[in-house]
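Taking the form predicted on its own, here's one chain by itself in structure tokens.
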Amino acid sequence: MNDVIAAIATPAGEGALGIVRLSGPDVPAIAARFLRGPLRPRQAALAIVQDGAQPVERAMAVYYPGPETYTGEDLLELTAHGSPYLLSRILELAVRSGARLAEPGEFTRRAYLNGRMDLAQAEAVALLIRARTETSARAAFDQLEGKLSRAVEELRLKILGVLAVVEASLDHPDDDLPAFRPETEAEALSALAQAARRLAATHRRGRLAAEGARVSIVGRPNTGKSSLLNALVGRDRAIVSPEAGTTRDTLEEAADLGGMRAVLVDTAGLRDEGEAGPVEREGMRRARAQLSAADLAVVVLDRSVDFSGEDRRILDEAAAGGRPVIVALNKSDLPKRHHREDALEVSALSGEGIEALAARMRLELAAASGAPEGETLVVSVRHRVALERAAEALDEAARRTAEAELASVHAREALARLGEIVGKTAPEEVLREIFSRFCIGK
């Protein structure tokens, strides 16, 4: 990290303002080659961007001396007019002056490598950038503030405490040390395994909070599933026809349900496969695959026709995975042929009941994703897997406490798994994968 990196830090396209960032040990020297004007530490100063003697742009320059910066290095941010051409010219001049183009996520990677944040916090930066709702932003911010890191570090310290007793019995068996009792240490290790599993188990709620839920809209053909999706998202996203079986494939659309991000999935109608052709059967197979992956199912029934055995089978299939199910009794603008106490009556045509349905969906998803006040949530699959593997290693250590050397090996494996989360033991390929998902300027 002896070079200076540079990148445009604002999104592509025109805007009122745009930012070019530079980070590295020779930032002041490189900036002096294409900027005219003083760089005052942590003070905004007007600078003229120059190509030789030719002025190119006026920019507001803020110089941050390291190591108390985002990256832990000298950092310069140039705020200019948000013209893609001008920003590209400033970046070109910075590179010609001795900087190089930053790789995706390289600013945050340097922050991690320079000890400004741990790996879990670095991952949270990307989550916060991608946040689309209040819930997802809160989950990302909590992780950025170190909530998960503190929980992991607490687990690590407790494991180290048990490990110290186990290894002391190996290294100094004759010294006057606290007595090593395998049963006591086994209980402590088992309790730590349970704690790691409890933390891992928050992943479903964390995923729903950060990424949003998948809501599968299912039902018989021609019950109005596509019309219902259109009504929920407020525009004609799905093709609607009075002809049954119009939807042959799944269709996804993102929606904000009052602060809860969701992906609504319109699916092909489900009916007796013996009466369907090969294309329709494939559509039903995909509908069932979406249903099995859904966090919430909305079963659409047509209240203007009699309730059927096929309706009952769809309801049972939707509930089989343990996910919450909402029954939407559609076509409330038509004469009623049946009624269900557990259903919400809606009309995708007139909009009647749509707000109530969206509110019910939000409540069901909030119940599934909501965490008790103060609970730490695991958002990343990588973190969940590391916690589960740490728990397995701790279980094995607990079983082997009578053989102290083996218990020590498994306890150290648990420490390594937890260290992967915060970056203490993360291999280089993991770092490359994580930071490759960042945008260039972050």
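The numbering used is simple: start at 1 and walk along the sequence shown. In this text the structure is predicted, and so the values were computed from the model without any measurement.
Another form, the form predicted together with another copy of the chain, is not on view; read the next lines as being about it.
Contact with another copy of the chain in the model of the complex, defined as a heavy atom within 4.5 Å, is made by all three of Arg21, Thr79 and Glu134. Shown alone here, Pro55 lies within 4.5 Å of another copy of the chain in the model of the complex, counting heavy atoms only. Contact check for Pro11: a non-hydrogen atom falls within 4.5 Å of another copy of the chain in the model of the complex. Taking the partner from the other structure, another copy of the chain in the model of the complex has a heavy atom within 4.5 Å of a heavy atom of Ser83.
In the model of the complex, no heavy atom of Leu39 sits within 4.5 Å of another copy of the chain. Comparing 313-321, 295-303, 206-214, 123-131 against another copy of the chain in the model of the complex, the single stretch with non-hydrogen atoms within 4.5 angstroms of it is 123-131. This chain is displayed alone, yet in the model of the complex one of Glu252, Glu145, Glu355, Glu154 has a heavy atom within 4.5 Å of another copy of the chain; that residue is Glu145. In terms of contact with another copy of the chain in the model of the complex, the residue from Arg89, Arg360, Arg110, Arg261 that brings a heavy atom within 4.5 Å is Arg89. Contacts of stretch 409-442 with another copy of the chain in the model of the complex, defined by any heavy atom lying within 4.5 Å, are made by Cys439, Ile440, Gly441, Lys442, listed in sequence order.
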